[in-house]
Every structure is written in C-alpha cells, then in structure tokens.
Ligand SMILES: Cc1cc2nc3c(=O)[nH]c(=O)nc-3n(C[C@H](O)[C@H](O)[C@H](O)COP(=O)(O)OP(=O)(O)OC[C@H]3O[C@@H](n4cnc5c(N)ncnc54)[C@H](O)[C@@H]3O)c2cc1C
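This document starts with one chain, in the form predicted on its own, laid out as structure tokens.
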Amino acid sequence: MSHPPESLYLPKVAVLDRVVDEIAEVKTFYWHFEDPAEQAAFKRFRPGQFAQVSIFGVGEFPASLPPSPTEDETFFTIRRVGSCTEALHALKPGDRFGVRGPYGNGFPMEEYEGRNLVFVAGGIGLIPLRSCIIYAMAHRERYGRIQIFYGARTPRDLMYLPDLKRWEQAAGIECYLTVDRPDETWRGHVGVVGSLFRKPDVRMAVENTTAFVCGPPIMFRFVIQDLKGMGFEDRHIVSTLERYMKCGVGKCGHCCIGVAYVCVDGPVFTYEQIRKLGEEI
C-alpha cells in the first residue's frame, strides 16, 4: 500500500537557539530543525529565496532568508508588524515553531560570475540582500568589483552592525554608509542612499555590472532613476518583490501579479520584468 505524498503545506519543526536585537521592532532569530536531515536539506537554499514561518496556534507568514548557504547557521530577521510576528518575537530559546521551504527562484548568482556587483539597500531592505553579499564575498574570485551602498534613517536604524563593520574593513570590498538624520556620534555621510553615488571618492562601474536594489518604495524609485541615469539597463537591475505569499507554491493566488506568481516566479525579478508586469514598487 503506497503512502500519500507529504503535504506541501506541512511545516517542519524548528527549535529557536538564540535571539539578537537588531533595531527597534526588528530581531534576528537563530534556529535549527529538530531533524538533522531536514537541516541538511534546507541548507541547499539559494540567496534570495524565502521560507514560510509558522507559529503554532497563531498563523504563518513569509520571511526572507538573510543567511548565505555558505554560512553555518540558519536565521530569520523579522520586524514585528502583526499577530504572527508578534508571537515570534515572544518566543524564547528552546521554543519550537514551524518552517516550510525554501521557496522562490532566488538570485542566479552563477549568472553574475565575472560581473561587477553593486548592492544598494535602504533600511531593512538589507535583509534580503545580505545573503547575496555574504555569498559573493565567500566566492570572491568569481566576481569583479563589489560595492555596497547602504542607508538608514538614523544611526540607530542601521542593520547588521557587525557585518557592516566587517564589510567596511574587508579587502576587495567597497562599503559606503549614510544616514538621513545623524546624531552626535555619527561621523559618516549624511543624506539619502543615492547621494553616496555622487561622493568624490566613489567610482561606480556600469559596464559589465549587475545592480541589486532593495528598500522602501520611495528609495527604490529614486535609486532606479539614479542608476538608469548612469546608464544601467533595466535587465541589469534586480530586486525582490514583497507580497503576502500564503501557500508559497503557486496554488492560492494571493501573490499573483499579472501573469506571475511572486512565490514561484519570484520573489527575484529584474527591473525589466517588473515593468512588464506593470508593477509599481
């Protein structure tokens, strides 16, 4: 007698290891699967993919995967915005929750080999781009110049501070930071993230370059204008679309945009694809 296939919607049990505060209302949750075999299988995810996180008895929500598959630990970085994320923020080390995935297309990092990489992030937009940055640094010999431009509202809103410090000091990486509103401790650049492109010491490559952009809608629109003004083609600008992805496997239709399902056709799209979908970010 054959057994029915395991449900696509059945989460695997994960155990919370530790929690790290990032910025206001945002925490990073380190975890592992209860079953070591599930942990090994999950580690084959690609940068830019996502997972569905279940809080038992509360609900489920989609979450970016900020770790790189080249790193040992798995984690989510989650902003508290509703009942499910509120419940996750209330968990303690040792508590259990559910994870399904990984889902989505991810960034095709192998297609970018030999190209320069420019990462532009605003605020928590650094979360989905972190995986690509760490991956590219782990395979540094495969890529050309790597430039990181990151901005936040205030110094207290800068994500992943230990990573930012490492990137600023890493050989072969150019990392530029800015804030909109400095405090008395800030000694760096002041202005929106696009203003970093015009700094006298910045020389951005356009030829043979892929630009990754993620951040609030207004930041995205202005950065796209800046990049296109420099000569970037739409097909060489990539981003991720955030939508409520309920099933994660293209069945429920909640994330449908035109002819595309963000959960399976995305969440990574080129700006050329985004425009064809008629999507406004």
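In this text, residue numbers run from 1 along the sequence as written. Bear in mind the structure is a predicted one, so any value in this text is a computation, not a measurement.
Although not depicted, the form predicted in complex with this ligand is the subject of the following passage.
- Shown without its partner, this chain lists R153, R79, H139, R166 as candidates; in the predicted bound form, only R79 has a non-hydrogen atom within 4.5 angstroms of this ligand.
- Interface residue among I134, M109, I127, L117 relative to this ligand in the predicted bound form, by the heavy atom within 4.5 Å criterion: I127.
- Although the partner is absent here, S68 lies well away from this ligand in the predicted bound form, with no heavy atom inside 4.5 Å.
- Although the partner is absent from this view, T209 stays clear of this ligand in the predicted bound form, with no non-hydrogen atom inside 4.5 angstroms.
- Proximity of L177 to this ligand in the predicted bound form falls outside the 4.5 Å heavy atom cutoff.
- At least one heavy atom of T85 is located within 4.5 Å of this ligand in the predicted bound form.
- Screening 166 to 174, 71 to 79, 144 to 152, 191 to 199 for residues having heavy atoms within 4.5 Å of this ligand in the predicted bound form returns a single hit, 71 to 79.
- Using a 4.5 Å cut-off on any heavy atom, the residues of 41 to 70 that reach this ligand in the predicted bound form are, in sequence order, F50, F61, P62, A63, S64.
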